[in-house]
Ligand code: SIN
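One chain comes next, on its own, written as structure tokens: the form predicted alone.
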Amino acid sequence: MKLTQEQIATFQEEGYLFLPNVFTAEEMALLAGEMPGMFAQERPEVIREKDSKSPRSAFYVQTWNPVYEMVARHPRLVEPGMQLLGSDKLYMHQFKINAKAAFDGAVWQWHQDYATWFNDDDMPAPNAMNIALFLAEANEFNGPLMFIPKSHRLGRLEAKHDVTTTSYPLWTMDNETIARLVNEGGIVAPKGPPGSILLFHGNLVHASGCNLTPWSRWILYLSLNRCDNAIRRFKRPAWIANRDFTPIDMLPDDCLVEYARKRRSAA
């Protein structure tokens, strides 16, 4: 899937781009059907919320689920990353599903992803980005992602390592800095149905609040990095910070539909 020049310009200006309904209802039904079984597993890659058994994240899913292995190589997700990062040789730095569970989904503090990639993984430059696929509706109530537009232009900002607020350590930003940035750029929260995608820069400041609603908010993240920008520190597990820098080999656009049809035929 190719982005238009106007879409590329919007991304470069604002630091993010939202595209609704990129995947079909049939494709999303296939992906959603896999999630209960994945999050029910007891394995290191499945992280629970700090004070409950509710799922927070499932990492490296493409290596232990065949459906998500295809998603990790889907051209509607990978090709826009190639355009925006200026290279056809990208690898998967991180692949995860964040589960903002109904009634129990905890916050993700204000942060830049590149701060973590730099401080923990020694990624040389912010030549990496996120492609997010909505697996469930994101609305104004169930903890949508919040962005500070244009904050990616400020480069990597000072951050401190927060290892206590949630079950997942993060390099986060102080309230004074966030107040200043919001005063300058405001806050946006892109919302939409399953199958929508959200592309955002590694330096875009973002967060999400708690989910107190009965509607879970599930988002899949592909953190794509240029192969010539591979990480140089390996202190985090490989299922969090990938050490395989092989370029992604994209699959045909109809791979999910064909898989679903074959599964139905075999049933």
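Owing to the predicted nature of the structure, the values given are computational and were not obtained by experimental measurement. We number the residues from 1 along the sequence you see.
Below: the form predicted together with the ligand, not depicted.
Enquirer: Is L145 part of the interface with the ligand in the predicted complex - any heavy atom within 4.5 Å?
Expert: Contact check for L145: yes, within 4.5 Å of the ligand in the predicted complex.
Enquirer: Is there any non-hydrogen atom of H206 lying within 4.5 Å of the ligand in the predicted complex?
Expert: Looking in the predicted complex, residue contacts with the ligand include H206, since a heavy atom lies within 4.5 Å.
Enquirer: Just checking whether T172 would be counted as a contact of the ligand in the predicted complex - the rule being heavy atoms within 4.5 angstroms.
Expert: Close contact is absent here: in the predicted complex, T172 is far from the ligand, nothing within 4.5 Å, heavy atoms only.
Enquirer: Taking heavy atoms only, is F95 within 4.5 angstroms of the ligand in the predicted complex?
Expert: Heavy-atom contact with the ligand at 4.5 Å: absent for F95.
Enquirer: Within 4.5 angstroms, counting heavy atoms, which one of the listed stretches 152-160, 78-86, 98-106, 174-182 is next to the ligand in the predicted complex?
Expert: Comparing against the ligand in the predicted complex, the contact stretch is 98-106.
Enquirer: Among Y221, F39, W239, W215, which has any heavy atom within 4.5 Å of the ligand in the predicted complex?
Expert: Result of the distance check: Y221.
Enquirer: In the predicted complex, which residues of 110-136 put a heavy atom within 4.5 Å of the ligand?
Expert: Read in sequence order, the residues that approach the ligand (within 4.5 Å, in the predicted complex) are H111, D113.
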